[in-house]
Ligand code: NDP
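Before any questions on binding or motion, here is one chain by itself as structure tokens, the form predicted alone.
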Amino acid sequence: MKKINLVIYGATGSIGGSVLSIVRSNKKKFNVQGITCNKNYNKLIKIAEEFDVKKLGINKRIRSTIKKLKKYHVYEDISTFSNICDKKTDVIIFAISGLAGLDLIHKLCKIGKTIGMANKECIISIGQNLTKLAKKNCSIIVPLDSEHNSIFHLLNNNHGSFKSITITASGGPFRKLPLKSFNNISVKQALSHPIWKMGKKISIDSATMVNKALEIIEAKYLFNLEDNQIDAIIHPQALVHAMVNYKNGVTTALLNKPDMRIPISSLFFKFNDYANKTKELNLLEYSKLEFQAINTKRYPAIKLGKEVMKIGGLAPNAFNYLNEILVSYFLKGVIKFADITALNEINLEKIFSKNTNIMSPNLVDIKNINSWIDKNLYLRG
């Protein structure tokens, strides 16, 4: 049996861990060709030793000082990471967070591979240009977010044309917190997600619901939707991840327990062939499943995200890039929790009062507007 040759960009993070868990349980099926990290080379070396990986990528020039790295083929700096893939590579996991991997994913989409995409920011920034680039070069992008992966499978059921798509959000840690308390939310509180264990940035995005706003925009680009064909609702139990609504009044949904191994497994196995060792979903254990409309006073990022989606062009990238910066300021204690979305909106207005919106931006356009934001960011107080 031919093994699947696999390269994991971002192997030391939570997505990388889920991928490696699948590989660990199916070692005869996989050959891990290469793995990368930002700077956690000690964890990367442990992974390399366990899975006999020869190629390592570290986004930091440190090899000359680390004796443990001498026996590996090391790629230093993200600008060289595309060279980890070769003609034998079958599947790429792209789990580098944020916009740091924008150039890299652009290169990877040109080499005709299957790409498991766990980075919404790059899709949002380049929009349909990235999906068009992938299609032109016979690359297949499979979304790994549970919501978009669910849509991917539901649409593969081939029920013909659909009316709209709905994704769900757990509501994060502040679904019931009084609005008057939002200005006093601490970093520790914002990092305490009730369901998912995630990194700091994505945890804050979940708390503000910026992540859901970004996922709405991402779904538009991934599935070529009109603005009115995608929306989100709150579903605290996080069992239903997405729903496809049809013109005849029928809605189909995909349910599973929160477990990233399930959407990731769709890259390697037929839909029902992956044997997950976790307990199967038993709806009798749940007294009720709740669904609620999103209150945009509590989560203003949803309203702002939809406005940004309608504007299009450079706006989604600016919205996302501003969020990355503002979340970092919140984590440092420079701004308050409620400022993350409020300052994003203020800066967006400033950006497009001074700059022309380019409706089909390329990489240079993205870098230029991000550079302008860096120089002209407004922080009140």
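In this text the structure is predicted, and so the values were computed from the model without any measurement. Numbers follow the displayed sequence, beginning with 1.
The next section is about a form of this same protein that is not shown, the form predicted in complex with this ligand.
Q: This ligand in the predicted complex: within 4.5 Å of a heavy atom of each of 209, 300 and 345?
A: Not a single listed residue reaches this ligand in the predicted complex, so no.
Q: In the predicted complex, which of the listed residues (31, 38, 26, 355) lies with a heavy atom within 4.5 Å of this ligand?
A: So the residue touching this ligand in the predicted complex, by this definition, is 38.
Q: Among 149, 265, 166, 119, which has any heavy atom within 4.5 Å of this ligand in the predicted complex?
A: Among 149, 265, 166, 119, a heavy atom within 4.5 Å of this ligand in the predicted complex occurs only for 119.
Q: If you check in the predicted complex, is residue 95 within 4.5 Å of this ligand, heavy atoms only?
A: Within the cut-off, so yes.
Q: Indicate whether residue 369 is a 4.5 Å heavy atom neighbour of this ligand in the predicted complex.
A: Although this ligand is absent here, residue 369 would stay clear of it in the predicted complex, with no heavy atoms inside 4.5 Å.
Q: With a cut-off of 4.5 Å between heavy atoms, is residue 141 one of the residues that contacts this ligand in the predicted complex?
A: Flag for residue 141 set to no.
Q: Residue 81: heavy atom within 4.5 Å of this ligand in the predicted complex?
A: Answer yes; at least one heavy atom of residue 81 falls within 4.5 Å of this ligand in the predicted complex.
Q: Look at the stretches 243-251, 98-106, 302-310, 219-227 and give the one with heavy atoms within 4.5 Å of this ligand in the predicted complex.
A: That would be 98-106.
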